[in-house]
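Read the single chain below, which is given as structure tokens and is the form predicted on its own.
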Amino acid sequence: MSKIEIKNLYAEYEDKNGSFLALKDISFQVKEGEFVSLIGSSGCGKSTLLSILQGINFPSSGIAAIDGNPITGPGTNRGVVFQHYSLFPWMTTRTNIAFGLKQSHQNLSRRQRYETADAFLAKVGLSGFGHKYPYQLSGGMQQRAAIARALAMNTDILLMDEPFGAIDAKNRTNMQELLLALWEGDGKSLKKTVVFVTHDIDEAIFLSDRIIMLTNSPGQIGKEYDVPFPRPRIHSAMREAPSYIHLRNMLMALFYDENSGKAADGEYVI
């Protein structure tokens, strides 16, 4: 069953210099519980597409729908993590998370909201920082708090725009593994549907069921790849597998071909 449907979507913007076509004839579906990553060079329209799914921008033509219903604006069925920190500066870290819960789960008591906030702060390694304001945290810590807020909301859909870009390598790996653990859940409930924007090919392979590469502006779908590795996944074991190296080389070849204009014939080894 398709949770998200994008069909013949165009996104064009007008400014004082004329019109700019960001996305051209984009069509794909995301199944319920699927983890899909969008990759491509800067300016190819990945973030524009995510903003349309969020409901803060709208296509010039074509369809963007969730559960068969056209997207008409933001909704509580979608949790969003931006590439830039999005915490409210006048709220503590703990209150930021509790506020998100108040919007998405109005049946929760104040005590339940703050208990959940504390639990998710612990999950992202920020126990003891709940009383801090965003300006008192490093950039990476702010982003971990923003991720905790989105995960705590427990929405059907997660839209994530380079969420780990500002986090150091060790915590980035930890956050990738945490995201997968929360996405996979206990195996009894249905997984969340995730659309994840990244520039990191290794990250896309580790996290995703499917990878969609967008071409240079205007963004169009260049290639789609199914990621064949079973779950749960372990970084070290995956990266030593010949099938992982082959898939990574194909993606790297396509990426560099898009950006250099050189032919991508065969494997591209880095």
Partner chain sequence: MKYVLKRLLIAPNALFAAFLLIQLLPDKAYRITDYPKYTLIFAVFLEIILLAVSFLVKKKPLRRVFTDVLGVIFAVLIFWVLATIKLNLPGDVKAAVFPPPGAVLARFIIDFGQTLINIRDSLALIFQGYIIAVVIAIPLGLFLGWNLRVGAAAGYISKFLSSISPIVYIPYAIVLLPSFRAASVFVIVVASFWPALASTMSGVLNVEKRIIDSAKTLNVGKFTMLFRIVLPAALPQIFIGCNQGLSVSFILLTSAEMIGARSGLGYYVNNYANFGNYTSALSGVITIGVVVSVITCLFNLLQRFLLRWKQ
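Residue numbers count along the first chain shown, from 1. This one's a predicted model, so the numbers in the text were calculated from it and none came from an experiment.
Here the subject shifts to the form predicted in complex with the partner chain, a form of this protein not shown in this document.
Engineer: Tell me, please, which stretch of 119 to 127, 164 to 172, 75 to 83, 196 to 204 lies within 4.5 angstroms of the partner chain in the predicted bound form when heavy atoms are compared?
Structural biologist: One stretch meets the cut-off, namely 75 to 83.
Engineer: Any chance F88, M91 and R149 all have a heavy atom within 4.5 Å of the partner chain in the predicted bound form?
Structural biologist: Yes: each residue has a heavy atom within 4.5 Å of the partner.
Engineer: Closest heavy atom of M153 to the partner chain in the predicted bound form, within 4.5 Å or not?
Structural biologist: It does: once the partner chain is placed as it appears in the predicted bound form, M153 has a heavy atom within 4.5 Å of it.
Engineer: Taking any heavy atom pair closer than or equal to 4.5 Å as contact, tell me whether S109 reaches the partner chain in the predicted bound form.
Structural biologist: No, S109 stays farther than 4.5 Å from the partner chain in the predicted bound form.
Engineer: Is Q176 one of the residues lying within 4.5 Å of the partner chain in the predicted bound form, judged by heavy atom distances?
Structural biologist: No, Q176 sits far enough from the partner chain in the predicted bound form that none of its heavy atoms falls within 4.5 Å.
Engineer: How about Q103: is it within 4.5 Å of the partner chain in the predicted bound form, going by heavy atoms?
Structural biologist: Output for Q103 is yes: heavy atoms within 4.5 Å of the partner chain.
Engineer: S217, Q54, S208, S47: which sits within 4.5 Å of the partner chain in the predicted bound form by any heavy atom?
Structural biologist: Here the answer is residue option Q54.
Engineer: Can you tell me which residues in 116 to 136 come within 4.5 angstroms of the partner chain in the predicted bound form, by heavy atoms?
Structural biologist: Contacts from 116 to 136: Y133, Y135.
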